[in-house]
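Single chain ahead, written as structure tokens, the form predicted on its own.
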């Protein structure tokens, strides 16, 4: 990715929760138009990295740069403006149960962008179509949808604001293999059709290999390796090798 513009840059980030060090002097770059996948075991800080990028958490030390601006130096209003360039696909979709599909997808359009309802309806229909859903779902509640459909609605909500950056938190978690593959295809389609820069957090190696331009692995609060999917597959690092092969034997203890 040499020569490409850096859109996201984490510089010497550290974060503690109580006495537990979750991120330990992490540095990472994400380039314009790429999909960077962050892998690692549960509880190692993958989602914490996403929350720093989204400005939802501030580091104890270090700097978070998004589109040329350092988040910790910005006022809240400026951070909110930066967030308008981002879409977030939360684990398990995190839809509002009391709202309809339309109200979920249009949430930020109506709240943050003050878009007229009639205009929002047309945007929502287009975004649902883009993720493979029909507009006859507009009045349904999340409880009336399958898990895969809820994920798609979550993705439609993320892209409703035409973001430059999409952050995915365990996008295939809890889905059957067919639905998981459909979500992987959608991630690739969003990159191709919308030209977005994406950061995907997952422990699903099939998904990681399929959608990633580059993969970074976090272990014990540190980034221990970064490379293309093929480079990660061939890595001789014992921690990376154990994780990507799913081996019980290796330096990481079985939980």
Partner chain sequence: MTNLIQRFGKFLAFFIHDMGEMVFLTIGINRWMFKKPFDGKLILEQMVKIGVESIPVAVNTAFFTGMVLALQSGYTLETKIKGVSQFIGAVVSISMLRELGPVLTAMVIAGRMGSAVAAEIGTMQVTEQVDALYTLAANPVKYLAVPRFLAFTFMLPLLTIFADLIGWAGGLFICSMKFTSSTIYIESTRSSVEAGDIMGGVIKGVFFGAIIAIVACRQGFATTNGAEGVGRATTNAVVFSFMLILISDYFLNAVLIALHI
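Numbering follows the first chain given and starts at 1. Keep in mind the model is a prediction, meaning the values are calculated, not measured. Note that the rigid core is defined as the largest set of C-alphas that superpose within 1.5 Å between two forms.
Another form, the form predicted in complex with the partner chain, is not on view; read the next lines as being about it.
Engineer: Which residue, 88, 71, 133, 123, is the contact with the partner chain in the predicted bound form, using a 4.5 Å heavy atom cutoff?
Structural biologist: Selected option: 88.
Engineer: Among 138, 115, 182, 94, which has any heavy atom within 4.5 Å of the partner chain in the predicted bound form?
Structural biologist: By the 4.5 Å heavy-atom cutoff, the listed residue in contact is 94.
Engineer: How about residue 119 - does it come within 4.5 Å of the partner chain in the predicted bound form, if we only consider non-hydrogen atoms?
Structural biologist: Although the partner chain is absent here, residue 119 would stay clear of it in the predicted bound form, with no heavy atoms inside 4.5 Å.
Engineer: Would residue 150 show up as a contact with the partner chain in the predicted bound form if we use heavy atoms at 4.5 Å?
Structural biologist: Although the partner chain is absent here, residue 150 would stay clear of it in the predicted bound form, with no heavy atoms inside 4.5 Å.
Engineer: Using a 4.5 angstroms cut-off on non-hydrogen atoms, would residue 129 count as touching the partner chain in the predicted bound form?
Structural biologist: Residue 129: no, not in contact with the partner chain in the predicted bound form.
Engineer: So, in the predicted bound form, is residue 162 in contact with the partner chain at a 4.5 angstroms heavy atom limit?
Structural biologist: Taking the distances in the predicted bound form, the answer for residue 162 is no, it never comes within 4.5 Å of the partner chain.
Engineer: For 153-170: residues with a non-hydrogen atom within 4.5 angstroms of the partner chain in the predicted bound form?
Structural biologist: Result: 157 alone.
Engineer: Align both forms on the core first, then report whether residue 171 has a C-alpha shift of 2 Å or more between this form and the one not shown.
Structural biologist: No, shifts by less than 2 Å.
Engineer: Once you overlay the rigid core, does the Cα of residue 99 travel 2 Å or further between this form and the one not shown?
Structural biologist: Result for residue 99: yes, a 2 Å-plus shift.
Engineer: Using a rigid core alignment, state whether the CA of residue 83 is displaced by 2 Å or more between this form and the one not shown.
Structural biologist: After core superposition, the displacement of the residue 83 C-alpha between this form and the one not shown stays below 2 Å, so no.
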